[in-house]
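What follows are structure tokens for two forms of the same protein chain, given separately as structure 1 and structure 2.
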Structure 1
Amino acid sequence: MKITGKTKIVGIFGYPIEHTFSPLMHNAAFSTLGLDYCYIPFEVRPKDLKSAVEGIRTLNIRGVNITVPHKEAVIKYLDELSEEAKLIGAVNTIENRDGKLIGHNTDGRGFIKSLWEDAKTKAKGKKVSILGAGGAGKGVAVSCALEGASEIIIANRTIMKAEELVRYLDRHFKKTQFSAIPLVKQQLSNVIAESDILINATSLGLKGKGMLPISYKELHKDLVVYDLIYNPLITPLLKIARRAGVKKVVNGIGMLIHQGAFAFEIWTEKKPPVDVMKKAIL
């Protein structure tokens, strides 16, 4: 990759950031299409988020992805939000449009596309359990509700945050039933047994660290287990699911690729080479 004075910079803000695969797929896509872009990871601590966002304008960065733990906190530093980002209440992509910073959310669309492509499953009419009420959890919950899920249960370590999200979802989606539970083993067992889809939207399992309060005994074979984490490819949850004989076990690579492809299109106004992006990661 040749960097010149004309090269457009894009990247990702997160903390930690060492685990990200995004530079691999985006830089491969830029190279394939012959676009003079370069994608760079930026480690941004929460206390430095405001100044980092201001730097997008100052350095004329074309745009950035936003990952843990900044997806909600970043909103107050932006000039405008897309309708999807407003509805989800979280941002994973920023577009610098002539100095105006616009927040988008491509997580939900990326998840839904991956759920169908990788698990041949749709959320419509399904009972969905989502672990985590943060930015990723919100995006997935909104997308599943938009797809017509019959019931969505939000489990979170801080029950008040889950209840807050449920109240929000109740106001916007009248055809889906919502409920909140604490992220503890006793509460999860019965819920998982009755669920069609189980989604981990927490950071537990990132880099193989941390365990969800779930054992293989709680998982049934017809359950779809989807972990938004993609590093490692086989997370602790997915190991448990495989041990339980679950037929459809999916990591976050597909969602990563598709949410990235949507962001790529926002920044470049060109259709992304999705196969190239996937190959670069796998």
Structure 2
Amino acid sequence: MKITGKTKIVGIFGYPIEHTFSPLMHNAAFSTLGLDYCYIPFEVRPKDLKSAVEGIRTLNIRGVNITVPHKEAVIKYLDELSEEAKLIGAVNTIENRDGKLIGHNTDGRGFIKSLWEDAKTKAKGKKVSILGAGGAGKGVAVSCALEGASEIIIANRTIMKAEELVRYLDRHFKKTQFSAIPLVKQQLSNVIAESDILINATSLGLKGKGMLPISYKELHKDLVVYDLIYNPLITPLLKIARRAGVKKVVNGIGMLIHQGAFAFEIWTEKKPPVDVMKKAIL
């Protein structure tokens, strides 16, 4: 990569940031398309977020991704939000449009795209069980509702958070039925038996975190099992899904790539080379 006076800068703000895969994915894509862009990780502490966002304008940075812990806090420093970012209440991509900072959320869209590409499944008309009511759970729930899911059940360890999310979703989506349950084996078992899609949006399954209270006996073969986690690639949930004979079993790599691909398109207005991005990450 040759950096010149004309090179456009994009990047990612997060804290910590050293584990991010995004520079690999985006720089490989820029290089393949011969675009004069460079993607840089920026370690931004929470107390410095405001000045870092001002820096996007003053340094004429084309745009940035926003990751943990800034996705919600960044909103107050932006000029405008996309409809999706407004609904999800979080921003993972900023676009600098001639000095105007626009917040987007491509996580949900990335999930929906991956659900189609990797499992040939649409959320429309489906009964979807989502485990987790954090940022990712909310993004996925909003996206499934936007897609026209018929029913969405949110299961969470802290039941009050699931109930709060359900109240929020109820206010915004009239055609989908929502309910909240605690993340416990018995209730999950009843709900999963009748679900079409099961999504893990908790941190359970990440290395060193605990296990979900689900065994292979609760899963049926026609379920689509989607784990947002991508490290490890074969998560404990995906292992038990395979043991149960589930045919459509997907990890979070596809979502990670497609959220990045949508951001790439926002910044460059070019069709992203998704295969190159995927190869760079894997």
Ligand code: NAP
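Rigid core: the largest C-alpha set superposing within 1.5 Å between the two forms. For residue numbers, the reference is structure 1: its sequence is counted from 1. Note that the structure is a prediction, hence the values are computed from the model and not measured.
Student: Quick check on the two chains I just loaded: which one is the form predicted alone, 1 or 2?
Tutor: Structure 1.
Student: Determine whether the C-alpha of N65 shifts by 2 Å or more between structure 1 and structure 2 once the rigid core is superposed.
Tutor: Yes: N65 shifts by at least 2 Å between structure 1 and structure 2.
Student: Using the core for the fit, does the CA position of K100 change by 2 Å or more between structure 1 and structure 2?
Tutor: Comparing forms between structure 1 and structure 2, the K100 CA shifts at least 2 Å.
Student: From C-alpha superpositions of the two rigid parts, what is the smaller part's rotation angle between structure 1 and structure 2, in degrees?
Tutor: From C-alpha superpositions, the smaller part turns by 19 degrees.
Student: Just grab the Cα shift of C38 between structure 1 and structure 2 for me, core aligned, in angstrom.
Tutor: With the rigid core fitted, the alpha carbon of C38 is displaced 4.8 Å between structure 1 and structure 2.
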